[in-house]
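Before any questions on how it binds or moves, here is one chain, the form predicted alone, in structure tokens.
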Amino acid sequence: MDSLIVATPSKTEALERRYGAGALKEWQGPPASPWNETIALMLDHRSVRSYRPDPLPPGTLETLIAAAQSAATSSNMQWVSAVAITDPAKKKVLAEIAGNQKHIEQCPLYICWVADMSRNQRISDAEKTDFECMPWLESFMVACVDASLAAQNAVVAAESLGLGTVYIGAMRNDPIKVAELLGLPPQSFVVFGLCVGYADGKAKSEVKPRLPQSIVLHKERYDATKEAAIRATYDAEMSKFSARHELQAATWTQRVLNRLGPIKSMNGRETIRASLKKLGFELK
């Protein structure tokens, strides 16, 4: 079993992995900008899609949930629940829903993160008080944000323990089937799943370059005047990454075109509004 002490990259290594070989030339912060091992660990995040069958140490799940519950939550409403799945049969069905993503079956722990409005609805019923704010889109958005913040806390905690993770947005391919499989009550919705486990060292796993800060960070006022030129540079960096990993879409621009162009790329998620209605959400 892997040690729970995780080696973190140096600042230079972390920045070059995250932004590419020319990262330090574009780095806008001062050389002595704040840095520590937590930040280094976060920059070293990568998606892991191949797992060893090794079981996780006892109590790992509960530790991850404690970290998740420590995330910010709007007005302390705590609109999030998590369903932990270890049953191979259930993971197989979830993998099929997600387009046969085998890492869902491989990982020893799969967590479904739920935007859970049912708990507060039960309070409404018990207290015989009509919650007029519940049906509005804002409340649903807050529930999804709560689930996302909680899950990301869990990811950082998992990676600090030497574990690999990958989010599975494809739970939204068929949210009704997912809800039925997990026995979810009305007004609860799986925003995404999360694989957790020890990465298979034989599989390729590399930090994926992100857009340069010069295209993402705006100071005082949004400015996209240099975006096209900066994106071209980033596309060149992503082309090298894609070649190393034999990815179909060579550049980031091509990835965007493929993902947002044809409606078929939504894999059924274009019907999500109707699915939410069937799950008990009356969004205004």
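These figures come from a predicted structure and were not determined experimentally. One-based numbering along the sequence shown.
Beyond the structure shown, there is the form predicted together with another copy of the chain, which is absent from this document and is the topic of what follows.
4.5 Å heavy atom contact, I176 to another copy of the chain in the predicted bound form | No, no contact at 4.5 Å.
Closest heavy atom of D54 to another copy of the chain in the predicted bound form, within 4.5 Å or not?
-> The answer is no: D54 has no heavy atom within 4.5 Å of another copy of the chain.
Hey, in the predicted bound form, does K102 get a heavy atom within 4.5 angstroms of another copy of the chain?
-> No, K102 stays farther than 4.5 Å from another copy of the chain in the predicted bound form.
Heavy atoms within 4.5 Å of another copy of the chain in the predicted bound form: does R122 have any?
-> Yes, contact at 4.5 Å.
Does any residue in 145 to 177 get within 4.5 Å of another copy of the chain in the predicted bound form, counting heavy atoms only, and if so which ones?
-> V145, S148, L149, Q152, N153, V156, A157, S160, L161, Y167, R172, in sequence order.
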